[in-house]
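The form predicted alone is given below as one chain in structure tokens.
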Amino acid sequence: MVKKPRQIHLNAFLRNVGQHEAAWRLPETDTGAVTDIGHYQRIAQLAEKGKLDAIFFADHPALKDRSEDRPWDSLDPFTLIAALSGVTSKIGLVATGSTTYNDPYGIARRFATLDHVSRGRAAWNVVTTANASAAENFGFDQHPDPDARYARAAEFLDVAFALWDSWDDDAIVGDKAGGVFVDRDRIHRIDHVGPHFRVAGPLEIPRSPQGRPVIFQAGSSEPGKDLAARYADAIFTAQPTIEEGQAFYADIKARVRAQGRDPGTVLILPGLSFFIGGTEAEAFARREQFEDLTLPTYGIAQLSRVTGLDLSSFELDSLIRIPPRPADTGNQRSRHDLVHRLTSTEDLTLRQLLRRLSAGRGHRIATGTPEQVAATIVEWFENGAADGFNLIPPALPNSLAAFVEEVVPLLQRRGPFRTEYEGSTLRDHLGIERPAVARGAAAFSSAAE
């Protein structure tokens, strides 16, 4: 692949009727859309109309606290993107899958299948699952601690990479005259034996169009960053300010380089929520409309889960300071740190903090005209804070439609953002080469190597 000039990469993180916790309460929101495939088909096609790189779905294998306060992710993301592959033709398809509550063979098999079905548009967002209540749904006595989860995740990825590379690209010979469909010498067992898994292989599925599905990683803790530096093609992170974005960007690129990989082939994509108006005042009024509909019960439950603090009796209009994270804390390390920094640098009441977190849970929020939102994206891109963004529309489909119709044309005019897809696979869109088959220790290195 010829190296092309650097361009802005944009994905759409799609959460049922919108990421904002009060999106479902807007007068225009169809609450039945949460489980309506037609709704997801329309927003996938809208994202493709905007020439975005990919659509991105989270996964929560347990019903979250205060589910009465908002709709959550009800549909299995893998099944959902498989369905959406049939109504789109270019846009990448990213499904989240847990390495804690799945097995490597099953995940490798499903994503290889999706890459064939979608003709090379599949990506796996690798997570270790922070929600401790998921353990009870999978027969675990307790939720593993973060270090144990990340150790399992590294071995999980080693096995998945080996399975995806267990077929040579030319293993299918299709010799009708000779009666040979595949050359078995070009299909290889992996015979993996490790602390967490024993997997013989090979995969029963031929090597897929992208060689391996694209690997996304979501997590900003120290073990999460180490995992991403070794395996990920793209990283989804929460960075509320450009200074924090620049620090994270430099840190990850240095870790990637230390792994012997090319930092230019690993994309950093912070989350970006946005409120767009004809004027800045209109945009802030729109944001305030959302925030006025928030339910403090929901925000308090989420903040308590992230920090480990019982905030249920805290006065909403009292100033709040979230203390630093204890060294031995279990889950949500990076989000605890983020909220601590926010309350340490600003004087916020609990109510104000909850309103601030309601749109993006700590992600960057751009509020203003289309020109101002586009300027934020370009500023981060040009100043070493991001290679693009995972867009987090507050409400769906309206917020995404506004972005596609009003912001995308500005990015296309001032560049660098595509006006047409130049390739057919997600690797084409991201500028990431298709990896050659690798086995043994080499199989566990990045596709960029």
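All residue numbers refer to positions in the sequence shown, first residue = 1. The structure displayed is predicted, hence computed values, not measured ones.
Heads up, the form predicted in complex with a further copy of the same chain isn't pictured, but that's what we're talking about next.
Contact with a further copy of the same chain in the predicted complex for Val87, defined as at least one heavy atom pair within 4.5 Å: yes or no? Residue-level check for Val87: yes, a contact with a further copy of the same chain.
Please determine whether Tyr150 contacts a further copy of the same chain in the predicted complex, using a 4.5 Å cut-off between heavy atoms. Looking in the predicted complex, residue contacts with a further copy of the same chain do not include Tyr150, since no heavy atom lies within 4.5 Å.
Do Thr345 and a further copy of the same chain come within 4.5 Å of each other in the predicted complex, heavy atoms counted? Heavy-atom contact with a further copy of the same chain at 4.5 Å: absent for Thr345.
Wondering, does Val408 line up within 4.5 Å of a further copy of the same chain in the predicted complex on heavy atoms? Result no; Val408 lies far from a further copy of the same chain in the predicted complex.
Answer yes or no: in the predicted complex, does a further copy of the same chain come within 4.5 Å of a heavy atom in every one of Arg109, Val182 and Leu203? Each of the three qualifies.
Quick one: of Asp310, Glu315, Glu243, Asp175, which gets a non-hydrogen atom within 4.5 angstroms of a further copy of the same chain in the predicted complex? The residue in contact is Asp175.
Check each of Arg119, Arg325, Arg355, Arg255 and return the one that places a heavy atom within 4.5 angstroms of a further copy of the same chain in the predicted complex. Exactly one listed residue reaches within 4.5 Å, namely Arg119.
Options 301-309, 235-243, 213-221, 134-142; stretch whose heavy atom lies within 4.5 Å of a further copy of the same chain in the predicted complex: Comparing against a further copy of the same chain in the predicted complex, the contact stretch is 134-142.
Which residues within 66-85 place at least one heavy atom within 4.5 Å of a further copy of the same chain in the predicted complex? Sequence-ordered list: Arg66, Ser67, Glu68, Asp69, Arg70, Pro71, Trp72, Asp73, Ser74, Leu75, Asp76, Pro77, Phe78, Thr79, Leu80, Ala82, Ala83, Ser85.
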